[in-house]
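Quick heads-up: it's one chain on its own, the form predicted on its own, in structure tokens.
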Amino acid sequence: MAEPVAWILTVGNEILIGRIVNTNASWLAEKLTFMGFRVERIIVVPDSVEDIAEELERAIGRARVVITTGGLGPTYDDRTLEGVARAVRRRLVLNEEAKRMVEEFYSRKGLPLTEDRLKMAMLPEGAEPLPNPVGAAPGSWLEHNNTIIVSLPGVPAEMKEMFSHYVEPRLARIAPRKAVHECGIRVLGVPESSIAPYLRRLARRYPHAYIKSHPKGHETENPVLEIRVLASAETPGEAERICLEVLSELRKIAEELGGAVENA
């Protein structure tokens, strides 16, 4: 079975100007990869309805799943769901279930449901609200032309809780029945350019393993390489076997090139 494609769309001017590091995307990419999805795009766009809609329009029909993070809050520049609505040609409407979630959140704190707070309950028509156990803004689950668009808040604690409790279990139903295993070594004293042709040959021999070198030092002066292997197979045992087999080959290559090998 071909791996279903996933895109990650991060929304926020604060990321584009370098004020915030995009940890949400890396966390989601790892989660989706180990579920069996092929993450094909990680895109960052400003808080612009036009830009959000443009990237979603590109994704619809190409990606099985698109996850957006950021832009669900009460402020004027939180406009992600407007962009989603525009991309799927639907209206942005008050969702009664989302309204209940927002109202309950603020009522527990003795705060009224203001216009700005009610804004967080405006979802694309036909979208399903996702509970937010940590914060105020509900998420959104919308299916359109065989693409699932999931919108989550940008606050990492909220995003992770919502993904783990309300998104991951549902995505698991469409994820391929496949196991993924990761392993790695650290090679001392071998330049990356020296080991590169061997990695290319290994990649051809093991099509179900992604082999990637990460230089951690200078190329020629005391070089240090971390080499990671990500193997996929039908069963966890087979994925681990492939991973360890590639690792064994890497150890032999590194030693033949005069390098020292450490576990990573």
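Start at 1 with the first residue shown and count on from there. Keep in mind that what you see is a predicted model, and the values were worked out from it rather than measured.
Beyond what is shown, the protein has a form predicted in complex with another copy of the chain; the following relates to that form.
With another copy of the chain omitted here, the record of contacts in the predicted complex names 113-121 of 113-121, 83-91, 143-151, 168-176, defined by a heavy atom within 4.5 Å. The candidate site formed by Glu57, Arg64 and Arg241 is entirely out of contact with another copy of the chain in the predicted complex, as no residue has a non-hydrogen atom within 4.5 angstroms of it. Although the partner is absent here, Thr75 sits close enough that one of its heavy atoms falls within 4.5 Å of another copy of the chain in the predicted complex. In the predicted complex, another copy of the chain sits within 4.5 Å of a heavy atom belonging to Val45. Although the partner is absent here, Gly126 sits far enough away that none of its heavy atoms falls within 4.5 Å of another copy of the chain in the predicted complex. Interface residue remark: Met35 is not counted as part of the site for another copy of the chain in the predicted complex, having no heavy atom within 4.5 Å.
Residues of 189-210 placing a heavy atom within 4.5 Å of another copy of the chain in the predicted complex, in sequence order: Pro191, Glu192, Ser193, Ser194, Ala196, Pro197, Leu199, Arg200, Ala203, Tyr210.
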